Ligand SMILES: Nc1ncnc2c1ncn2[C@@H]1O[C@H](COP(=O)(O)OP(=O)(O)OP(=O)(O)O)[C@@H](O)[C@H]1O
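Take a look at this one chain, the form predicted alone, written out in structure tokens.
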């Protein structure tokens, strides 16, 4: 069992229909048929959405996504139409709201990996492959791959694991032409972002994209290249052979699995609230990632 420790009641706003509560975002539809995505400060770990929020996290994710959409604009169209909260919305929706095109979404998590870690490392240790792609012998946690690879996954419900699948399985599910488009777009966007991050002293180890169709046009959707959807490592501390320090939920995961938390992740008990020092350290990491990538001061 997993999911939300305390599932929030969605805020009701005149003119908006609430569609979905995700791990981080609330999704609405407005009267024009557009989607309104609001990024909360919720944080998840080990398939649980935790009871403690990280201040500013939703705004950081939203503003960083907007910055990356601009960096990728000549490669991929995106779904954002505007950022103005609708009339009657709470004041704190400012900076965390995206008004977006409604797309025909492709039910595939499009993952690009340039380095070996996470579920890719687990699969490699067993089979020397990731999503059916053969990799060289001798790779370790944090190794740079000979070239970036497309390692798709099926989308899972909140509280369940996404499952890595082969490219051939994606082609069976969505068709060969769409599968080829997804792979090309994912690897092109990853390569661009990896080079931008590298110039700023950050290793982009892997990332995931979601795509949908606007008519015949493939469009990148949801969020892009944030610490929630990507592994960012400080380049000056990259050292293959062990887990790398990262700009993400590292402090949260480490604390939850520590003796201090008293929580057994193998049990069905929900995780406890986070202490203030973990909240502060995690917020600082999100802000630092934003500032290093964009070159601007968070405010």
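Residue numbers count along the first chain shown, from 1. Everything numeric in this text was worked out from a predicted model, so none of it was measured.
The same protein also has a form predicted in complex with this ligand, omitted here; what follows describes it.
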> With the partner left out here, if you bring back this ligand in the model of the complex, are 23, 79 and 210 all within 4.5 Å of it by some heavy atom?
Replying inline: yes
> Want to guess which of 54-62, 34-42, 231-239, 259-267 is within 4.5 Å of this ligand in the model of the complex, heavy atoms only?
Replying inline: 34-42
> Heavy atom within 4.5 Å of this ligand in the model of the complex: which of 128, 198, 172, 155?
Replying inline: 155
> Among 165, 218, 188, 103, which has at least one heavy atom within 4.5 Å of this ligand in the model of the complex?
Replying inline: 103
> Do residue 222 and this ligand come within 4.5 Å of each other in the model of the complex, heavy atoms counted?
Replying inline: yes
>> in the model of the complex, does residue 27 come within 4.5 Å of this ligand, counting heavy atoms only?
In response: yes
